[in-house]
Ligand SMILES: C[S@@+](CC[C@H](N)C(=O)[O-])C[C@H]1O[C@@H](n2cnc3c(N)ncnc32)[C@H](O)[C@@H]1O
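Below you will find one chain, with nothing else, as structure tokens; this is the form predicted alone, and questions on how it binds or moves follow later.
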């Protein structure tokens, strides 16, 4: 279905949870609800089985960029453990509030989170086998996206996999009923903003270099993949 209503990215719109003065209890509830929302809609299980699991080996290291409240890290750790593969997972997140929240969780022993950026890790010469991100791309302008992708490639030796929303009218309309299920948080308001800020497949193809592939996935997802 062509995008008729949401023709252009609305980069002028800002998510409420990115406001440094936002309600902290609602922010923490947003982090808690991300576990459910991402489990239902992000498609990470499918992406893990198709792209990540075939590349996992014992001792493999993984980096989650912009890890937020840590829900993806916990899922990846559980899936790898169920597959009998020992992995080391690191998350980085520039928002100290998210790091404080995630640090209060019962994280698996093989998961750590640091309040840093990709630029910090590049300067430190850090290296990981696999680099992933969830819902980061739509936050970025074209210039920021280029820098972000360059950093992620420098940090990865095997695979980079960025998973994000694909802007679509049906995605926007379909997310509206979430008001009935996710309250006292920024989930729905910020989710609708995220859809309006997100890239379509053709828009990503216009800005990435030839060493990136854009794969359209169910539930209005774009996977941006590179194998350094």
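Computed from a predicted structure; not experimentally measured. Numbering follows the first chain given and starts at 1.
Just so you know, the form predicted in complex with the ligand exists too; it's not on screen, but the next bit is about it.
The ligand is not drawn, but in the predicted bound form it has a heavy atom within 4.5 Å of residue 148. When contacts are judged by a 4.5 Å heavy atom cut-off, residue 208 does not count as touching the ligand in the predicted bound form. In the predicted bound form, the ligand lies within 4.5 Å of some heavy atom of residue 66. None of the heavy atoms of residue 214 is located within 4.5 Å of the ligand in the predicted bound form.
Picking from 107-115, 121-129, 76-84, 94-102 the stretch near the ligand in the predicted bound form, with a 4.5 Å limit on heavy atoms, gives 94-102. Distance criterion of 4.5 Å from any heavy atom to the ligand in the predicted bound form singles out 34 from the list 175, 48, 182, 34.
Using a 4.5 angstroms heavy atom cutoff to the ligand in the predicted bound form, none of 10, 171 and 203 count as contacting. With contact defined as any non-hydrogen atom lying within 4.5 angstroms of the ligand in the predicted bound form, the contacting residues in 121-135 are 134, 135, given in sequence order.
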